[in-house]
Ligand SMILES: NC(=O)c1ccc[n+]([C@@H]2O[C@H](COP(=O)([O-])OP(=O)(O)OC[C@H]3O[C@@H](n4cnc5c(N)ncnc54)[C@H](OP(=O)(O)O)[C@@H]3O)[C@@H](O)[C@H]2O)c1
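Read the single chain below, which is given as structure tokens and is the form predicted alone.
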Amino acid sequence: MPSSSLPIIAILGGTGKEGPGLALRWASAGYPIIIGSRQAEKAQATAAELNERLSTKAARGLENGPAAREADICVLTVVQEAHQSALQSLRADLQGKILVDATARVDFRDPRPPGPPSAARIAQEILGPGVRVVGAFQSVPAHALKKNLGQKIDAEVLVCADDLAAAETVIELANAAGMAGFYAGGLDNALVVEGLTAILISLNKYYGVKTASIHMAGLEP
């Protein structure tokens, strides 16, 4: 069962590849989860699948707007083409929240680093100072999230934010999901993480795998 002492997490655009995996990890760790989608029916179906797998009632599904309003922390996992339109439509709903932007503006078919500013910086500019934006989870292999629940994932998370307290909150979320989180500087540094995602996709394609990931040497989480 979800813990009432833990923040409610909304996964906005949570019916794609990465969102359900993150939701599964956090629900397994006791966090109450809201799956958000443009279509409530899709959100509810994804939440039902998660609850069935965990034999719990940790997740529920709502449209993105209500999901954002009811959550303490929101995680944006939409496809890159929907990034700015999703932010603009949710601007009022996200005020007062931490928004974790997991967007990597990279085309899988032709992976190249995107140009500045970072997706997280774009989000902060659209949403304004009332939202604390954090860039994180862009480079986490979605394929690994749904496997071996309760065990650590062989991947580490670079967390970028201008607000250090918000970054530390997201590092805690990374740890709860079985990944080590590291503070990697301000929102503009998230552009480099998006570029690393292009490299990881290239590695996956060349070596025929799905789980290339980032590791930090010389640091303890």
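Throughout, we count residues from 1 along the sequence that is shown. In this text, all values refer to a predicted model and were calculated from it rather than measured experimentally.
Just so you know, the form predicted together with this ligand exists too; it's not on screen, but the next bit is about it.
A.B. asks: Just one of 91 to 99, 110 to 118, 127 to 135, 70 to 78 has residues with a heavy atom within 4.5 Å of this ligand in the model of the complex, so point it out.
C.D. replies: Single hit among the candidates: 70 to 78.
A.B. asks: Contact between Lys17 and this ligand in the model of the complex at 4.5 Å, heavy atoms?
C.D. replies: Yes.
A.B. asks: Report whether the minimum heavy atom distance between Ala82 and this ligand in the model of the complex is within 4.5 Å.
C.D. replies: Ala82 belongs to the contact set for this ligand.
A.B. asks: Since only the chain is shown here, I'm wondering whether Val140 would be in contact with this ligand in the model of the complex (any heavy atom pair within 4.5 Å).
C.D. replies: Because a heavy atom of Val140 falls inside 4.5 Å of this ligand in the model of the complex, the answer is yes.
A.B. asks: Even though the partner isn't displayed, in the model of the complex is Arg53 close enough to this ligand, meaning a heavy atom within 4.5 Å?
C.D. replies: Arg53: no contact with this ligand in the model of the complex.
A.B. asks: For the stretch 90 to 114, I need every residue with any heavy atom inside 4.5 Å of this ligand in the model of the complex, listed N to C.
C.D. replies: Stretch hits, in order: Ala102, Thr103, Ala104.
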